[in-house]
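Quick heads-up: it's one chain on its own, the form predicted alone, in structure tokens.
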């Protein structure tokens, strides 16, 4: 059986979990916060999530896990178009959302955990990168009703959970990034209105106390 290793408060964990649920695959969850030698044995750089495949192999990195699931189970509610160019455009949205929206906003997470103010210099750096991502997303995405048109793709799942961190970053820098992308707020509400999304959101909320207890213990907060 497929095993997903990680924790439900992680947006990257939830990307893979959403794909597994969307494709209707049987899997089990293994609560892991990382940071141990045992975990590095199944995730080479210790990142969340990682996954054990049905044949006992280990893989990590959310996008790699998602691509594996699509390749290994191509007939189970596919999330990539057949056309190579269309597939590349899905991956393009995923990459831009990660590099130019999520990663700069992730730099605010330590300040969120400690309740401290983000330095003005860092706010400017985040805005400079995010502005490039906003411009690209407005050029690439149509939200009719999904990110790239009438069919839901991997880009929809990826973007939904990327925005979890973008929301935190927006609040910490005092700039609503989501409002700068045309149609994104409406799309986000639509994506939240599904049984899968509600299940994942509920599991995330339930894991919150355990995750923050782990953070406080690990970093002495």
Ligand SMILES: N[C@@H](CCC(=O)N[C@@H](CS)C(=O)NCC(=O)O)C(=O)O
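Since the structure is predicted, the reported quantities are computational estimates derived from the model, not experimental observations. Positions refer to the first chain, counted from 1.
The discussion below concerns the form predicted together with the named molecule, not included here.
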For this session: Report yes if all three of 107, 112 and 163 come within 4.5 Å of the named molecule in the predicted complex by some heavy atom, otherwise no.
Result: no
For this session: Classify residue 47 as contacting or not contacting the named molecule in the predicted complex by the rule of any non-hydrogen atom within 4.5 angstroms, answering yes or no.
Result: yes
For this session: Please run the contact check for residue 67 against the named molecule in the predicted complex: heavy atoms, 4.5 angstroms, yes or no?
Result: no
Exercise. Can any non-hydrogen atom of residue 11 be found within 4.5 angstroms of the named molecule in the predicted complex?
Worked result: yes
Exercise. Should residue 61 be counted as a contact of the named molecule in the predicted complex, where contact means heavy atoms within 4.5 Å?
Worked result: yes
Seminar exercise, completed: Of 149-157, 174-182, 188-196, 48-56, the segment with heavy atoms within 4.5 Å of the named molecule in the predicted complex is residues 48-56
